[in-house]
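The chain below stands alone, shown as structure tokens; this is the form predicted alone.
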């Protein structure tokens, strides 16, 4: 976003909370104010999506306008005078939050549910919104019958921000989920209200990571909710293909419990495929080999040292080259191995045998 703005022509200035701020053609009040450092709350906004203006948390006072306006959908115009916070706006936002939390089963959800799952909780604490003030009918019914292994559909926590529906359509192009009914009957659903694995869903996890309440949750990561160890994030690169998606590994102690996409990743901008998002069980699988195995004269595999294993492998390569020539060897690197291992593998084949017979099982 900032790189794009540097190449754009300044369209004018607006006054944000008393300060004159330059803006570029097409920018909204929300974008200008945030770039200036003003903190405007929102629940339905995602940088990657078309502005929706559904939650009304981002309303601001615009001089000359009879009513507050949604800053995320109002384009900046020269001479605008905007106030992002005052007593009336704070009261408005607090009331909206109390309407939301009065309907939801709970607000305090585990961060393991998803990248944005703490947004509602953070705003409720900031505005000291009280649950129960507007207690009454509820919308959204959790789909507990959906037996897919990846995504929890806990719609008792849904606030109808539609970020999940929009990210599925606008970012992924899958249109796997949509909205049915209106009012308190509103429900996020698949076609014919079926299960996710029977829909067009590719299990990319985008809907999970944009949900601001945890209504959609990462089922695999949530298995570690009872583990009280500190949750840590470590930035790295997904090894599964050549795109180079940035990811944050979620760990508790020495256990990898989940993966989240990096929203600022230069290659993926918050997107991941099903493998990058959920295929990490092999890292600490109970059947994963922890020591080299060599086949003995009895025909069985026996534990060996690394030196013994490497000597056996080197001897086998040497015999094949001597007997059949360099074109008798072909290397295939694993998509589960780190990029450094893939590089070493291709270097070994190209420099060691003098051929380009090297491939990788991953595909972008």
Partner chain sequence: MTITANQDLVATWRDEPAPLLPVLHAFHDRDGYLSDDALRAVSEGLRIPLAELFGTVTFYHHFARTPGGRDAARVCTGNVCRLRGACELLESMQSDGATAMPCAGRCDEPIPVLRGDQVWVGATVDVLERRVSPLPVANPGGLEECVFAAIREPDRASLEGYRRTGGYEGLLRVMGEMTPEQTLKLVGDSGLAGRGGAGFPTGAKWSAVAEAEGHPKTIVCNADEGEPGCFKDRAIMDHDPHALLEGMIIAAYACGAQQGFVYLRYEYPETFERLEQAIVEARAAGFLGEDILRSGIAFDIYLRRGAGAYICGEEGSLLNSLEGKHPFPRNRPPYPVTHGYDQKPTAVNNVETLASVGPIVCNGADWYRGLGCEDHAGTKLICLSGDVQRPGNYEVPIGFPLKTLLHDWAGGALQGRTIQAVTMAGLSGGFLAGEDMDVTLDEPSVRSKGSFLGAGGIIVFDDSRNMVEVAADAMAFFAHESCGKCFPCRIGTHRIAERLRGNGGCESLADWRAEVEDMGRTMRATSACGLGMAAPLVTDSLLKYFPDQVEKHFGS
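Since the structure is predicted, the reported quantities are computational estimates derived from the model, not experimental observations. Residue numbers count along the first chain shown, from 1.
Omitted here: the form predicted in complex with the partner chain. The next part is about that form.
The closest heavy atom approach of residue 329 to the partner chain in the predicted complex falls outside 4.5 Å. Mapping the unseen interface onto this chain, residue 96 counts among the residues with a heavy atom inside 4.5 Å of the partner chain in the predicted complex. At a distance threshold of 4.5 angstroms between non-hydrogen atoms, residue 137 is in contact with the partner chain in the predicted complex. Interface residue remark: residue 191 is counted as part of the site for the partner chain in the predicted complex, having a heavy atom within 4.5 Å.
Segments offered: 310 to 318, 294 to 302, 50 to 58, 31 to 39. Contacting the partner chain in the predicted complex at heavy atom distances within 4.5 Å is 50 to 58. A single residue from the set 284, 236, 141, 181 has any heavy atom within 4.5 angstroms of the partner chain in the predicted complex; that residue is 181.
Checking 151, 123, 159, 273 against the partner chain in the predicted complex, a heavy atom within 4.5 Å turns up for just one residue: 159. The partner is not shown here, but in the predicted complex the stretch 71 to 88 reaches within 4.5 angstroms of the partner chain through a heavy atom at 73 alone.
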